[in-house]
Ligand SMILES: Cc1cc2nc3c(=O)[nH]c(=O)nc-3n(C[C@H](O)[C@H](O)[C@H](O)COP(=O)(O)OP(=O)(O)OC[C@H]3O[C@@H](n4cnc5c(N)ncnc54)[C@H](O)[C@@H]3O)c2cc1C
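For reference, the chain that follows is the form predicted alone, supplied as structure tokens.
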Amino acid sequence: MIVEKINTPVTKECDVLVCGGGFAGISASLAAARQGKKVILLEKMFMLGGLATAGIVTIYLPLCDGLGRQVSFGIAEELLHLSIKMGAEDKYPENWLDNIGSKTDNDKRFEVQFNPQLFAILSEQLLLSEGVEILYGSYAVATDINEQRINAVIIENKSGRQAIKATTVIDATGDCDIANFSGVTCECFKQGNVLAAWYYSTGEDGYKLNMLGFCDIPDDQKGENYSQTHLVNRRFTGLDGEELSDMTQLSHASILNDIIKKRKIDENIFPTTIATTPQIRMTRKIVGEYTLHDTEQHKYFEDSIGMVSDWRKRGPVYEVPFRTLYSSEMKNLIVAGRCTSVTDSMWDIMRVIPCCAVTGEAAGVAASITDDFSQTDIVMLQDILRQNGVILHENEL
């Protein structure tokens, strides 16, 4: 059965429409607003931060290479400081933040554990102070396309179905939803995600983040000694509504079982925060004008928009080519965050907070200077990023 098409009213217009309010969307919105553009940010939850807050994956992974060099700057560093403005929960790097101690390969990396609720509120206040309009509880469900351009994004929220017209659109959904709706070539994470059920609790050990379950690594990265116990014998694409409902229920059951088990030792343990969004890491990504591979560490890219490190090990540094953020199939669409154009082996590196912030800032600046990303003035883009404190190339460190 097909329901008759309903006319969709245009309720808002903007220069830059950012879809997704995770770290990539926050960074993109800040960057575009600071260039004087009218920015609207869509977020399906009623808090900012995405997986890092609603999903309580609250570890701001390293801005450094693990060998004493900071490699990610600009908004990526600004948001780290914002996340612990009212104190860090754990992993406080006094060697980086307070210049106490050294920064060798035996010392703490430049990472922190932050409070999800505080960051969600602080980032909201920051965006509002920069003039960003935030629409919570809003899902992007379709796009209106004409001549390789997105004219409008169709959304649904409590007010019903409506359309937002925009000059440029930034896909920071984490799932490449806007690109997929628009017919841009994408690829899915074939291996699938394992179940995770992270939660906060309080008890005899105090306030604690319980990292129940984990994020699996791509198969080609597993050595012969790799071993890990899964919570359930099932994987999840993260792209199916019924499947995500199943995953959420399994996650809740895992948390309850863990609490019951721990109460045999500490009868006063209680869960204080559980995730309100599925703890999915890798789902769908764009096939851009360039695909970055994990073997391209320390490689110079003329169109680099910033650098990231490998959170899993010390040493690697990657310059991120601007070409990984867009496809020429859709002129005014750019992506940011965990759905940029990378191989599966590189995806596990690029999906984390600092990388989302680096690509988000670049996408936001680019969206403020062009409405055809294949024709972007790279020199102009890089000049603005440098003015914002971003270091683009490893040989400039």
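Owing to the predicted nature of the structure, the values given are computational and were not obtained by experimental measurement. Residue numbers here begin at 1 and follow the sequence given.
There is also a form predicted together with this ligand; it is not shown, and the following applies to it.
The stretch that touches this ligand in the predicted complex, counting heavy atoms within 4.5 Å, is 352-360, out of 366-374, 352-360, 30-38, 326-334. Out of the listed residues Ser72, Ser83, Gln279, Thr143, Gln279 is the one that sits within 4.5 Å of this ligand in the predicted complex by at least one heavy atom.
Although this ligand is omitted here, in the predicted complex none of Leu292, Gly306 and Glu394 has a heavy atom within 4.5 Å of it. Of the heavy atoms in Ala24, some are within 4.5 Å of this ligand in the predicted complex. For Gly288, no non-hydrogen atom is located within 4.5 Å of this ligand in the predicted complex, even though that partner is not displayed. The closest heavy atom approach of Tyr139 to this ligand in the predicted complex falls within 4.5 Å. For Asp65, no non-hydrogen atom is located within 4.5 Å of this ligand in the predicted complex, even though that partner is not displayed. Residues of 40-55 placing a heavy atom within 4.5 Å of this ligand in the predicted complex, in sequence order: Leu42, Glu43, Lys44, Met45, Gly49, Gly50, Leu51, Ala52.
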